[in-house]
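Let us start with two forms of the same protein chain, each given on its own as structure tokens and named structure 1 and structure 2.
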Structure 1
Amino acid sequence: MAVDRTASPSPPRKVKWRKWNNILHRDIGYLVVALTLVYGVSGIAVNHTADWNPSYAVEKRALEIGPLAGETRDELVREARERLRLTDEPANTFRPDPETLQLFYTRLTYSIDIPTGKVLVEEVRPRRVLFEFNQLHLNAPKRVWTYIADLYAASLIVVAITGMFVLKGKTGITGRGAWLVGLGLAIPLLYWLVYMYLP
């Protein structure tokens, strides 16, 4: 077939980068919805560890079983179990000092004051949903989860970058977008400067 070499070359095909940018932003955005909720909710919970334990609720109650007379640890444990009506063997026992006996069961601790028979029962319960969220957020599973979390973080970076270029015009990155991105940058930057250099 003859080729007409005198014809002018066709104009370069325009790459529709914004279209692909928006597709990436949309679809990766959908993918990270669940984990963003997990990390966001857990992030708020974990931020306040000074005020509470975000993963466990601890319930305390007091009992009285009367003074224990046993001399050895085994005798004391037997006596305490009888009075507390605990049929199962404790997972462990401990005496932090001569006046205290502790019995450990799954998520339950009985601390008994031997001379008075006062008992403090402490029950530890994982907080529903928050426990699982925090385990993932704090990377408790390790191994494969480390890479899933890395992939999630990389996805967030892609969502953030592509997000800046979704719109064009005065609401895009050359208009209002620039101001909002600048504000978002200024908050951590100012905080860091104040934190680092002010007494």
Structure 2
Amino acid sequence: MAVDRTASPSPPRKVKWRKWNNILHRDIGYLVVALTLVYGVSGIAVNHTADWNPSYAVEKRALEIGPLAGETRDELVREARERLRLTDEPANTFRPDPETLQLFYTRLTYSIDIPTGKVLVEEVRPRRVLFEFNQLHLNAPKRVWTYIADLYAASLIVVAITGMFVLKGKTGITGRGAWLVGLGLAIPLLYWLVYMYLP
């Protein structure tokens, strides 16, 4: 049987780049869900440091131990510790003015009014969950976490870029997506221009 050698060769297969784009977007997106929640929650918290301490809660309470009679700082510290029943030496002491003595302990501060013996106790406690989230967000652990945070940032870049090409047509980057990407770009650009050039 004769073979028809004039038949055209089969066309080369097209690279299904959109398929791999969507796979990358989906899988990396799933991978960074937990860290995105950590950084998102922490980001909201640390944006408002002027209004509150996002990592620590400060509890204040008042005590009265009676007027202190000591003359030197050491005498006053010793007397205050006895009345407050503090067995440990303070990490530091300070007299911001002649009538005030402060004793500093780990996460505890005693501010004592020497003539009256009134004491303001401030106890600093980590905010559960938020403290840990903020530590990771602000890279407090350093070392290995620095590289994990860098990989996370790179993953967000990949997710952002691949996300633009998940859909096609009117809802994709050539349609509504282009307007939304442009709007998202305009917001930081406009703010930067206003911040830099307007009084």
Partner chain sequence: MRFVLTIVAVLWCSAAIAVAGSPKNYGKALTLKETTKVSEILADPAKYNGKKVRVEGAVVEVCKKRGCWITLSSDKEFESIQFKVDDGVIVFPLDAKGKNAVAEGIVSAKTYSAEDLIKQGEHKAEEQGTTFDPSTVKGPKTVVRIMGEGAVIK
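Take the two forms, find the largest set of C-alpha atoms that superpose within 1.5 Å, and that set is the rigid core. When a residue number appears, read it as a position in the sequence of structure 1, where counting begins at 1. Keep in mind that what you see is a predicted model, and the values were worked out from it rather than measured.
Legend: structure 1 corresponds to the form predicted together with the partner chain, while structure 2 does not. Among T36, A154, E59, A91, only E59 lies at the hinge, the spot where C-alphas switch from fitting one rigid part better to fitting the other between the two structures. Superposition of the larger rigid part on its C-alpha atoms leaves the smaller part rotated by 17 degrees between the two structures. Core-based alignment between the two structures gives a C-alpha movement of 4.8 Å at R78. After superposition on the rigid core, the Cα atom of F104 is displaced by 4.0 Å between the two structures.
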